[in-house]
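Okay, here we've got a single chain as structure tokens, the form predicted alone, with questions on binding and movement later.
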């Protein structure tokens, strides 16, 4: 296991092993042999393969074409043998327990299934050393367990796994040893047996982290900030969704992957159409047919996939952070550059964004710091309703606490805070109430006292009764 805060150097050192970055000094030894790795080809030849935190799939190709890209079986005419390609894909899926539609375009897959495709693409190349950089960040709990089973099978075959995760429960569930990095330096390497979460956190941040979730100082009141009634989407993925968000509360959305949680947030944010239903913000009717209209009416979405939905990766931190609120810093048709730089610096300071400077390309930042840029961009709009879709995916423990504290402050300020998370402990730790979804419907709404992992899962699997008090919509 490799652990550390965002920007500690974890992804950088692994990209050196993958041949993407070049080391300035030091040695790489694989099975006792000194190896020189200056290109991805040399890394692959040395038996190293990496599943990146940011996916490298080609959306315009199918699952099977991505998995065997550059290694496609050919017939005697030099053309791709589609029959053999399909046979090889199905055989690999059976072997590793990852089953997808081999002929579907990757662009049509949700993020979780893209992640499983990326993992399978690496495994079919039979590497000796497999690097997994936040491989579970987009996976639901049952998919995480499937991946852990695959990892256990690989280690039993003598494969070596280097695993990065910010979910401490995963570190202890599957790891044998952990190396902690901080500010690009090796803090220590220790066996996980005998180490607890508190000890690991102290290694990562140099001090103890009191409380995984911040204590609330404000009790939610009865004033309703945001209302949804009978929301039904045009594609049938949402059916008769109703709920209220009270002033001062963090309202959670939970459920198994693919049961409509993200669809609900994107519909509220104006990215998807709905057939019937009504919404209101502070008693005023709300409807948005596109994202710009939602933003103009005070609704902001922090999306789950920052790479494709939240950022312009080739542009700078400054451009990304400033783009949504650009109109606030215009002088006629010109941008007030001093005001923009001042705003961006304030955002960097407020969210503790680690970047060489504000003009650095945003793709050079770690995943967690990229997520902070997305958040800063949305906060600049001063939203009345803010929607968080998997907000702490790929974020270290200290940054998570910063995010949590910010959510509580937004709620205390009267903003309707709605959070979708596949991490049930995060839901229980942060939310005052949680709406659990099953097959696009409200399976139940649980209060703080009713929330347990078992109870949420019963509603998420559709086995809890809608007639219980927890099944009420408000």
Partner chain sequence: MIKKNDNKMHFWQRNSHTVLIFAFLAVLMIIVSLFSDSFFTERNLKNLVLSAFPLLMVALGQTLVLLTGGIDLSLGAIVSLTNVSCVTLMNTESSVGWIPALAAAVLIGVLCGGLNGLIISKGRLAPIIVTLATTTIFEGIALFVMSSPGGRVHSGFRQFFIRGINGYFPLIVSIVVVLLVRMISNQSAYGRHLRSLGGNETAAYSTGIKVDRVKLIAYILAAVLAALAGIYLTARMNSGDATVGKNYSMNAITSSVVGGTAMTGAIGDPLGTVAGVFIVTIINNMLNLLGASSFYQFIYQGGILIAALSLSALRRQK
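Since we're looking at a predicted model, the values are computed, not measured. Numbering follows the first chain given and starts at 1.
Unshown form predicted together with the partner chain; subsequent notes refer to it.
Peer 1: Would you please decide whether residue 230 lies within 4.5 angstroms of the partner chain in the model of the complex, comparing each non-hydrogen atom pair?
Peer 2: No, no contact at 4.5 Å.
Peer 1: Any of the heavy atoms of residue 354 lying within 4.5 Å of the partner chain in the model of the complex?
Peer 2: Contact with the partner chain, no.
Peer 1: Any chance residue 121 has a heavy atom within 4.5 Å of the partner chain in the model of the complex?
Peer 2: Close contact exists here: in the model of the complex, residue 121 approaches the partner chain to within 4.5 Å, heavy atoms only.
Peer 1: So in the model of the complex, does residue 259 come within 4.5 Å of the partner chain, heavy atom to heavy atom?
Peer 2: It does: once the partner chain is placed as it appears in the model of the complex, residue 259 has a heavy atom within 4.5 Å of it.
Peer 1: If contact means any heavy atom within 4.5 Å, which of 273-281, 168-176, 192-200, 68-76 contacts the partner chain in the model of the complex?
Peer 2: Only one stretch qualifies here: 68-76.
Peer 1: Decide if the three candidate residues 224, 235 and 263 all line the partner chain in the model of the complex, where lining means a heavy atom within 4.5 Å.
Peer 2: Contact check failed for every one of 224, 235 and 263.
Peer 1: Under a 4.5 angstroms heavy atom criterion, identify the one residue in 95, 216, 125, 287 near the partner chain in the model of the complex.
Peer 2: Contact with the partner chain in the model of the complex is made by 125 alone.
Peer 1: Considering the partner chain in the model of the complex, which of 154, 80, 350, 91 comes within 4.5 Å of it through any heavy atom?
Peer 2: Partner contact (heavy atom, 4.5 Å) among the options: 80.
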